[in-house]
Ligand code: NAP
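Coming up is one lone chain in structure tokens, specifically the form predicted on its own.
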């Protein structure tokens, strides 16, 4: 299927590795020029080179922290009129809510709720004027099924979900479409670090925990970031204008419900 995206421009946040990188790669394969952001310049440049080599599109790396005013300004300066925005940022740490103070909560809300909202605010009017826009927020399966030790992530991402539910329906008539993707277990550095932490706490081998997790999933595995990227590209398609304000859960069927 031709997604109708050739020649479009995208900003993809936190794209040097993991799910952000996968989204940038999938969009680039569709002919989209991408501005990719991340905090670590070396990782970002390496990813940019890999995307260019495989796809031939224009890739502009912008090193910086997208959760700061300066980081957002740099990304928008590199692509002031994007057709596509992929919001993504690392999640806050695990822990017990009793140990978190106000500063911890503000940092989590800044990264996982306010940053995407501010980026949407910065680009949405231009998209409306041009009669085309696709915004995808990478949130978490915890929006559907909260994870107790990820309380800050649960709260901040649920807040973003509520904001998007209202905003998406206000602007859809202009062919500016916002949706969310809710990842479950994908084989990223964050998942690997979670397994390593659990292995240390339980004094068990990492491989044993990975196999356990895979067996417990209805799909019998964890997700491949590449399939996440392709789902993201589909939600950016010129052909999905009737999919509005939805939460696409990609978790291999782990969340058991007759209504998702």
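Residue numbers count along the first chain shown, from 1. It should be emphasised that the depicted structure is a prediction, and the values quoted were computed from it without experimental measurement.
Not pictured, yet referred to below: the form predicted together with the ligand.
The candidate spot formed by 7, 52 and 234 lies out of contact with the ligand in the predicted complex, as no residue has a heavy atom within 4.5 Å of it.
Taking the partner from elsewhere, residue 66 is found to have a heavy atom lying within 4.5 Å of the ligand in the predicted complex. Among heavy atoms of residue 39, some come within 4.5 Å of the ligand in the predicted complex.
Of the heavy atoms in residue 249, none are within 4.5 Å of the ligand in the predicted complex. The ligand is not drawn, but in the predicted complex it has a heavy atom within 4.5 Å of residue 15. Site annotation in the predicted complex: the residue of 75, 127, 85, 138 reaching within 4.5 Å of the ligand with a heavy atom is 138. A heavy atom within 4.5 Å of the ligand in the predicted complex is found for one listed residue only; from 105, 163, 186, 132, this is 186. Note on the interface: of 163 to 171, 117 to 125, 76 to 84, 89 to 97, the segment with non-hydrogen atoms within 4.5 angstroms of the ligand in the predicted complex is 89 to 97.
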